[in-house]
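Two forms of the same protein chain are encoded below as structure tokens; each is given separately, as structure 1 and structure 2.
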Structure 1
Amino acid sequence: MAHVTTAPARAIVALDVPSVADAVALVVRLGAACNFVKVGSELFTAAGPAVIDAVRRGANDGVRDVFLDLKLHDIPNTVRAAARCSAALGARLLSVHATGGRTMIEAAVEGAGERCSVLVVTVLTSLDATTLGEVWGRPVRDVSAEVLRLSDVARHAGARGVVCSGSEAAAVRARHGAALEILVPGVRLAGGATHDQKRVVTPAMAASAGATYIVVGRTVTGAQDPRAAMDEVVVELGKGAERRKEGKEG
């Protein structure tokens, strides 16, 4: 069996805000625990490419890693060029859609090069079996089976990892071992609102399932005390790593 790390997953904070000023203010408020951030479509569209350097360096307390979550889905040549530009901007992670196909994913990997890792989005956490079946045009009884099928495509195309819900993370880890990193979005602290997500887990659950990264958004950024919420996420990730280690050694 391939070696599977039991190191704690890294928490990525979603900067789902409409301006650079709001993003930098949020990073400053969260402090040192916020060392990896997500720039998604809202912020990137509002502020442009310069936002990446702004959030990497804007808090004056070190350089943060950036996950550029644009979920690219286009013809291979266009995606290759976009991935090349993303790497040049300083993004460490870049997302593309699995449904773009193997050739498109390979183009993204080629464009991103060594400086930026490509993560392939399998099935959005806002989708359940019914809605996914509507998209696919056929009945879907098991979302996990679709995620595993698309994770195979990602691996064969040379992607560094996949994006999937915590509900499927353990199955992906069991299938691919250390060959794929796993990013789990839609993570909520226990008792938190799920909003528009349908397949959600806690930080500890994601970590114990084998996640490499988790993305936390409103559960932290919308909290009354965001820094305390972020600290709670970090503690939960540590607990999840311990559970996974105990499971591997038991």
Structure 2
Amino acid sequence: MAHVTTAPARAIVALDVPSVADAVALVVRLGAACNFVKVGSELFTAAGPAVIDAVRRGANDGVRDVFLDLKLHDIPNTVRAAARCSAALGARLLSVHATGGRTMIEAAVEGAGERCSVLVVTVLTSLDATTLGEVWGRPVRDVSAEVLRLSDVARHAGARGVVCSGSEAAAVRARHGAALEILVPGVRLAGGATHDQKRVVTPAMAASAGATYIVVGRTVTGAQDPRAAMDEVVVELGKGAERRKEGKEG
């Protein structure tokens, strides 16, 4: 297995708001700990591509990294072009679906170039074995096994990493070592509300399982004191990195 980094995972804040002004206000409110943000399809389609530059530089208080979470899934030629445009807009990470196939992922990697990394969504956590069986036309018993299989597709296509749930992160890390980055959404501070998420993990759990990035949304943005919650997330990620160094998981 390749050497696995024990650097703390980075927290990416989901900007699930409907306008550029709301997005910029949120990053400014969260302060310096918020140095990586996620622009999803809602904000991107509501506000347009200019939102990327706006949140990168929000109120001239520094430059943040942007994860453009468009979960692309189309023919390779279209995805290559969209990835090229995403990189040109300044996105640092871009998501595509594994089920678009190896050639599509290769096209995304080619389009994204050196400055933008492609992360591959394995199985959406909103899908269970029954739903997957329906759309794939074969029985699916173990969703985790499908996640691992699709992580192989992502790696062989040259993607930088995968998106998977916290419950699969350790298995993906064990299989691929440092060859793939891992992004884990569905993260909650201990004791906080889980909202509509089912399989949630804490930042420390995700980090000790080997996550490279975690996505935090409402656990920070919906907190009474979002800046304090953000700081707590960063402290937890540090603890997770320590646990990982000591060889403990979870």
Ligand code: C5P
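In this text, rigid core is short for the largest set of C-alphas that superpose within 1.5 Å between two forms. Structure 1's sequence is the ruler for residue numbers, which start at 1. Note that this is a predicted model, so its numbers are computed, not measured.
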- Matching structure (the form predicted in complex with the ligand), either 1 or 2: 2
- Item | Cα displacement of Ala87 between structure 1 and structure 2 reaching 2 Å, rigid core superposed | no
- For Val140, is the C-alpha shift between structure 1 and structure 2 2 Å or more after core superposition? yes
